[in-house]
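This document opens with one chain alone, in structure tokens, the form predicted on its own.
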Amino acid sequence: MKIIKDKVAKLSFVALLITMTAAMFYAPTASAHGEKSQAAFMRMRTIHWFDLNWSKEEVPVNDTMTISGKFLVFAGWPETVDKPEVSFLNIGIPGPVFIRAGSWIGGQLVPRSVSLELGEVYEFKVLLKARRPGDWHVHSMMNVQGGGPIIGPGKWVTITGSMSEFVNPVTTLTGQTIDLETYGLDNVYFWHAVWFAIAIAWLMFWFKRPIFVPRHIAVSTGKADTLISAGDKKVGMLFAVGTMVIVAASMGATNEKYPVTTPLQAGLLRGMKTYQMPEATVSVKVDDATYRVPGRAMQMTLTITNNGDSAVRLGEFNTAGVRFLDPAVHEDETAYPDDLLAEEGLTVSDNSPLAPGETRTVEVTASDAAWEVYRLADLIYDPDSRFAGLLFFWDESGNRQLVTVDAPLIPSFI
């Protein structure tokens, strides 16, 4: 009976070891990712991205591209999400297919976290260097401490060439030029092999003894002291002392080889320069808003007042990166992602020029399949069913102004 138990235990251990080894070398790839997985209220009421531009749609390995634009930190930030007091400008991509060569907010280099103010608009730019060939969905993204990654609109970008040609040279503070893509790689392989060998030796030492079931039986019957001999204790002590010696010796050798080091920079950048949008002369009051489920359309009753000296018209409604346009007022010429652009998705009951000093109540409808495709309609099932977005008005001279809206959203199932 004991022989059978030992064989079962050893086979179980072998199976576990094989599974762990396979897990180390198996890395599944994601075929798609994006903002669809994020709650609608997060995309509507946190960071509003607009005027986005992807400088290239096809990039050779080692070449660069930029993502630039503006984002508004929404003043009606949801209470359930931590404020963006510690934020990091990032890019949402499926792994290291690009490397971030630099990022800027308001013209200032931001290699680390920044503090953002509610209600402010910021201009940004991220420089990317192509690394891995393929078709990749590239998103703007803001990581917020306590709030997670807030993903912006994404666009497909193709990287051509061969990854074997990729290089990432940098010059250190001591004047040495190194390739970060391969620097220290042999050392990484060596130490992984060393510690893996030590781990296997430790496991194999115990593998010759009864495992799992027999040990459980011994412990359950009060014979746990018989499982570990004096020789076992000596071997355990040898492994412990050997590990400390290796760590101490390697640390000393490293400090001697690299006497000049600097810690990772983790400070918070404050006082970021904001982007001054033209002062809005249009005021908007949301009288009511409904989402018509069968028609995949949001309908708003807006009372608009023009306090400026030039007539204006409503041309765009932007929410969660989806843009609804009235083509009679504004047409997109930026090659914005097609699936996020409803070129004829905005209709206004009376969109004739609103004269200076005039107030008008209009019915505005934003309709497109994107409400369902991008799961924005899920908003009506939230405990706090509110929508938010940006309205863009154009005057007779082609000047644009931005007005934010934020109001409850009532679903309609008829």
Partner chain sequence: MSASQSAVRSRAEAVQVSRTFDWMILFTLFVTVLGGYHIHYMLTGGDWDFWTDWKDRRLWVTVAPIVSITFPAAVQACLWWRYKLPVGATVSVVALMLGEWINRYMNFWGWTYFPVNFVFPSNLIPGAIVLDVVLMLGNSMTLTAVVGGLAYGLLFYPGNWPVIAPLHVPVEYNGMMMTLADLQGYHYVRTGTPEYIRMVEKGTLRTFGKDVAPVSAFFSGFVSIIIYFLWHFFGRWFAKTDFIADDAS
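Positions refer to the first chain, counted from 1. We call the rigid core whatever largest set of C-alpha positions still superposes within 1.5 Å between the two forms. A quick note: this is a predicted structure, and the numbers were derived from the prediction, not measured.
Beyond what is shown, the protein has a form predicted together with its partner chain; the following relates to that form.
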{"query": "Contacting member of Asp232, Asp288, Asp135, Asp338, with respect to its partner chain in the predicted complex [4.5 Å, heavy atom]", "finding": "Asp232"}
{"query": "Single option in Thr221, Gln108, Ser162, Thr303 placed near its partner chain in the predicted complex, where near means a heavy atom within 4.5 Å", "finding": "Gln108"}
{"query": "Contact segment among 292-300, 83-91, 317-325, 153-161, judged by heavy atoms lying within 4.5 Å of its partner chain in the predicted complex", "finding": "83-91"}
{"query": "Its partner chain contact at Val144 in the predicted complex, heavy atom, 4.5 Å", "finding": "yes"}
{"query": "Distance check, Pro96 to its partner chain in the predicted complex, heavy atom within 4.5 Å", "finding": "yes"}
{"query": "4.5 Å heavy atom contact, Arg215 to its partner chain in the predicted complex", "finding": "yes"}
{"query": "Contact label in the predicted complex: Arg131 to its partner chain, heavy atom within 4.5 Å", "finding": "yes"}
{"query": "Residues in 191-206 close to its partner chain in the predicted complex, defined by a heavy atom within 4.5 Å, in order", "finding": "Trp191, His192, Trp195, Phe196, Ile198, Ala199, Trp202, Leu203, Met204, Trp206"}
{"query": "Rigid core superposition, Ala75 Cα moves 2 angstroms or more between this form and the one not shown", "finding": "no"}
{"query": "Residue shift check between this form and the one not shown, rigid core fit, Ile246 Cα at least 2 Å", "finding": "yes"}
